[in-house]
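Form predicted on its own, single chain, as structure tokens, below.
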Amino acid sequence: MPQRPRAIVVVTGSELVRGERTDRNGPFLAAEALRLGLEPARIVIVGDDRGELEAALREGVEADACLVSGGLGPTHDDRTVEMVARALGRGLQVDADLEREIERVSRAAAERLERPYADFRPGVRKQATKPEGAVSLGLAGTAPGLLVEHGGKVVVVLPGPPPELQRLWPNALETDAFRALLARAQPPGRRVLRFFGVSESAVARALAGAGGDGDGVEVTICARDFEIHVDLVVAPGAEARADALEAALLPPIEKWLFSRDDRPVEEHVLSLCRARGLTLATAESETGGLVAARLTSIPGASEVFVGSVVAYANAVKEAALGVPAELLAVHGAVSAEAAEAMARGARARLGADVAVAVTGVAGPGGGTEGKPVGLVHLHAAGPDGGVSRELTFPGDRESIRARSAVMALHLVRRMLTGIRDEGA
């Protein structure tokens, strides 16, 4: 198979290295590189130290595409442009047109903030400085995106805030230099398989039994909160090999396959409800609204989702969901009986066709011998009856709550599709 042009992503910012913020730009740029037919070789996260940044960029510019984010601001520790120029062995120059553009934005900001423009002037000149030969990709705020072509390779430099980076990224793809690079690329095909209820090791065994990847087909297996995500990246010309691998891989584990696309489980749940003309609600205690948040993150959720009751205290369970006080006294708030009553109450009080309820002990305190930390009760109720699950999750409070939300969504999906025998 022909070798695809390589891409290295360099993400800058000491706050990322210190763990104060999570990098979102690296995964975005790597995914875009793969989509366009480049081979993402690595993502490098580096702080603002001159030596560290220069070393990362010197390695990066050896790739066919070096995609850089961060370090384009007006302050002393924004060093990306200077270090890109050093890595390429080029000088720096002030772009007069870019300087006027940044000045216009900065003067408007100074007026809005009632500050003298003199406070902004040094930063304007700094941000209008670029490596020799670089072209501007436009502004996001006062930070310019830049592209430098060198020997058939490209360096793309974009701002650190993800919305700004994503706004300027398409401009890089429209440049002659990037188009020339992409002319040498061959975008691979991608196939997506999503499983629920099967272990990662079982999927790995199925893959090995199918002959494994290779010959133009690269397979990745990733476990995420009870879901196993299997991606097949298929090089041009390897489609027949991918067909054969997929046909051999699926039989031992196909009963756990729930999706052949990238849609998250909440989107599948909404689609199932929409297809049957059903409305949906949630009743949440331990998860505190996480299930509802996932559902409402999907555009168009309002066509299906009617609302949620976060009933943390027993008094709210009784008043808002109609859970009988005697039931709570006998069985407790963390019980199969309470979960079922919460789901039925949500259907009745919110006028929904389907409701799912979650109650549990997220910890770190509050557990007992009979009801340890991690114990979770779920119940989904619909027009055709209901289904319950009792689970005990390991981990800390955050992971227990997150896993509970995932399980609640899959419980609804199982109920709506008539599946009763999945594991997990």
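One-based numbering along the sequence shown. In this text, the rigid core denotes the largest set of C-alpha atoms whose superposition between the two forms falls within 1.5 Å. All values derive from a computational prediction rather than experimental measurement.
The next section is about a form of this same protein that is not shown, the form predicted together with another copy of the chain.
In the predicted complex, another copy of the chain lies farther than 4.5 Å from every heavy atom of residue 238.
The closest heavy atom approach of residue 402 to another copy of the chain in the predicted complex falls outside 4.5 Å.
Contact between residue 416 and another copy of the chain in the predicted complex is not found at the 4.5 Å heavy atom cutoff. Within 4.5 Å of any heavy atom of another copy of the chain in the predicted complex lies no heavy atom of residue 263. Remark: of stretches 248 to 256, 330 to 338, 99 to 107, 313 to 321, the one touching another copy of the chain in the predicted complex is 313 to 321 (heavy atom within 4.5 Å). Listed residues 394, 383, 372, 364 were compared with another copy of the chain in the predicted complex; 364 is the one with a heavy atom within 4.5 Å. This chain is displayed alone, yet in the predicted complex one of 73, 307, 141, 216 has a heavy atom within 4.5 Å of another copy of the chain; that residue is 307. The three residues 45, 52 and 293 all sit with a heavy atom within 4.5 Å of another copy of the chain in the predicted complex. In the predicted complex, another copy of the chain lies within 4.5 angstroms of at least one heavy atom of each of the following residues of 5 to 37: 6, 14, 15, 16, 17, 18, 19, 20, 21, 22, 23, 27, 30, 31, 34, in sequence order. Annotation: Cα of residue 75 displaced by at least 2 Å between the shown form and the other one, core superposition. After superposition on the rigid core, the Cα of residue 202 moves by less than 2 Å between the shown form and the other one. Relative to the superposed rigid core, the position of the CA of residue 109 differs between the shown form and the other one by 2 Å or more.
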